[in-house]
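A single chain, nothing else alongside it, follows as structure tokens in the form predicted on its own.
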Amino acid sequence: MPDLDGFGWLLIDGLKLTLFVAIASMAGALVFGLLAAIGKLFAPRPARILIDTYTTFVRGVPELVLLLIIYYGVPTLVQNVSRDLGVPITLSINPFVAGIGTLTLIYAAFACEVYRAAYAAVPVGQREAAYALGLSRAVTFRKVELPQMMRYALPGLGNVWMVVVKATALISIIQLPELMRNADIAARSTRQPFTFFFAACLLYLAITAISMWGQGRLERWAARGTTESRA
């Protein structure tokens, strides 16, 4: 990283935080998205309606609005309600918790739909063959459908990851010193906005390029032994 008038390391520090938030949020989204997808596929109807409402609401509201509601709105609401009840409390949410929690909440909904579509892509014959062998529904899902579902889900999940990386720029609004916030600080200090925002752009593109390379290798690994991998 060039010195950039002494602000090069500030961008590196911002890049580290961006990657930390993106990885933590994506890990949460993968886990909660899978649980939500399983709920949509197998849970009783009331639970499916609840999960449908969550995924529809979260995907329909801009990320920035949800972030502001969680970070600023929820503490204010809790404090107002507690004051009206005569037991005033002071509540504040840690910016890291708010940022990672919001991104996890949002992209778990997108991951849920990716998993659900991947499950639908698994040939029905695989399921029927497992049942014919006497496997239970749970064992069939865990040992037959889930591995194939994950292979089909990889391209979609890779796309979710790249969106998560870009969405980390939103957490600058709650004062977290991620890449875009540090680039903005450097641009204002030096009055060189093109230099620092372009440097930030290159760093995002570097993450994307490395992610695409890793995703390609992961997809080839997951497809080993299949017809597609031999083509």
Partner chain sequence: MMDFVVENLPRFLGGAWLTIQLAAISCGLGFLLAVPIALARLSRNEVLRGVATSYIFFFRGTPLLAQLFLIYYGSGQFRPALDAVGLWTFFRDPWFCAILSLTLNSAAYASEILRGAIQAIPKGEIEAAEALGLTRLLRLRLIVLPRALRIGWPAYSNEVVYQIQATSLVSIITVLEITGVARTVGSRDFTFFEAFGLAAVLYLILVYGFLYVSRRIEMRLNRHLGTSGPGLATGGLR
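Residue numbers count along the first chain shown, from 1. Just so it is clear, the model here is predicted, and its values are computed rather than measured.
This protein has a second form, the form predicted in complex with the partner chain, left out of what is shown; the following refers to that one.
The partner is not drawn, yet in the predicted bound form one stretch among 138-146, 123-131, 72-80, 97-105 has residues with heavy atoms inside 4.5 Å of the partner chain: 72-80. Residues 59, 173 and 209 are all found to lie within 4.5 Å of the partner chain in the predicted bound form, as judged by heavy atom distances. Out of the listed residues 50, 31, 43, 64, 64 is the one that sits within 4.5 Å of the partner chain in the predicted bound form by at least one heavy atom. Contact check for residue 110: a non-hydrogen atom falls within 4.5 Å of the partner chain in the predicted bound form. Using a 4.5 angstroms threshold between heavy atoms, residue 35 stays clear of the partner chain in the predicted bound form. At a distance threshold of 4.5 angstroms between non-hydrogen atoms, residue 93 is out of contact with the partner chain in the predicted bound form.
When contacts are judged by a 4.5 Å heavy atom cut-off, residue 192 counts as touching the partner chain in the predicted bound form.
For the stretch 148-173, the set of residues having any non-hydrogen atom within 4.5 angstroms of the partner chain in the predicted bound form comprises 159, 160, 163, 166, 169, 170, 172, 173, in sequence order.
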